[in-house]
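Listed next as structure tokens is one chain, alone, in the form predicted on its own.
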Amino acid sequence: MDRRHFLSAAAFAGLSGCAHRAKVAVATPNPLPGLMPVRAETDRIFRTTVCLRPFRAAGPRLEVERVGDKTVVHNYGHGGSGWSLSWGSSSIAVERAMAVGEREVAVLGCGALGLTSAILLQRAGAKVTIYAKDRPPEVRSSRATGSWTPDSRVALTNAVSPDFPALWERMCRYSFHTYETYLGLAGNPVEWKDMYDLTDGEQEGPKQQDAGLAFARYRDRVRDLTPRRRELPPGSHPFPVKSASLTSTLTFNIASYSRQLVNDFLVEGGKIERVEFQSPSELVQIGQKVIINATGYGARALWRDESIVPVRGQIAWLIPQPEVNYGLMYGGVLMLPRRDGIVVQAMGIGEMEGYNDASEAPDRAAAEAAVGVIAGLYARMKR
């Protein structure tokens, strides 16, 4: 029996052995048989983080540019799809970098795109040095949600080139199949989670219509990669809501996954230099003739790239609960369990939430409000 069927059986039917022990030892019944409740209490918020996603209407920048005697291959601007598309996008950047003929290559940036670019360069036979102001966990991508979202704010439908959908699919499939190789490793850098979508009404939270911008949607091109979402009939699930559906999705435990990537890079002889560049002209300081620019949102300032629009996202982190092995979306709030904490994120008006908001200051009141939504759901189950 696979894990998804096992969870469904445990959640909706109950395990006889557990039921027997509950009669003897458990004083307070669990309102979610087989699904452990989240302790959504505001005093369990141990940090609040903000991530600025680098959105570009035309999609990620993967162009080649000459800067003095340097060849620069750009690899940034993935919106909310940086981790999800990282391996596929970096594979394209590496192809273009290696085509120059140099075997010593520099990478700017030590986040999702920088690390994957550096590792793929090594696999292609290059000697690689990463130049970065920060490294994990200080980089912005370390503050990401950690879910498989390959077309989240990746582009606008009316701004992409005609060949972009096929390019996106190529990046998506390459990334997905690479992530399969990280399943089951120590520290669970990548794992599958069951995800419930719960609603009390027809139009709620992220299901509202995004106003003003037509964000590109490409999931139908890769429907074969992940399980289809299925509706759960009333009485087949423990949630007190009007409708519920279930699917399974990849989750990135970014703390352990980033550490895995850094270690893999260093073990293969890679070097990381802590450097902050203020303009492209300063690249003359480094010896490598070929550079992959994977600076993410930092490219807006470094490259004066005004096509990058910040999309602010805030996470309230609850103390980890290893026994919680499912996620959910309810009332416009995402709850996603990771090994380093339980992510609670207000999704608000969907893709427009946080658009063009460059503030990186945490909002404690908003964090507590998001946790309160999840707390309210579990409170209803106890009645």
Ligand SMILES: Cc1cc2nc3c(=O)[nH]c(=O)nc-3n(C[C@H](O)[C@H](O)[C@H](O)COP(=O)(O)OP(=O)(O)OC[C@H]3O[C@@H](n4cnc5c(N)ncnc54)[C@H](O)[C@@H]3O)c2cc1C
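Numbers follow the displayed sequence, beginning with 1. Because the structure is predicted, anything quoted here is derived from the model rather than measured.
The form predicted together with the ligand exists for this protein as well; it is not shown, and the discussion that follows is about that form.
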query	finding
The ligand in the predicted complex reached by all of Gly82, Val139 and Gln345, non-hydrogen atom within 4.5 Å	yes
Selected contact from Val38, Leu318, Cys51, Met335, since only one has a non-hydrogen atom within 4.5 angstroms of the ligand in the predicted complex	Cys51
The ligand: the contacting residue among Leu213, Ile92, Ala255, Leu302 in the predicted complex [heavy atom, 4.5 Å]	Leu302
Segment assignment from 263 to 271, 167 to 175, 225 to 233, 305 to 313: heavy atom within 4.5 Å of the ligand in the predicted complex	305 to 313
Val275 within 4.5 Å of the ligand in the predicted complex, heavy atoms	yes
Contact flag, Leu113 vs the ligand in the predicted complex, heavy atom cut 4.5 Å	yes
The ligand contact at Ser243 in the predicted complex, heavy atom, 4.5 Å	no
Interface membership of Ala294, the ligand in the predicted complex, 4.5 Å heavy atom rule	yes
Residues of 144 to 161 having any heavy atom within 4.5 Å of the ligand in the predicted complex, listed in sequence order	Ala144, Thr145, Gly146, Ser147, Thr149
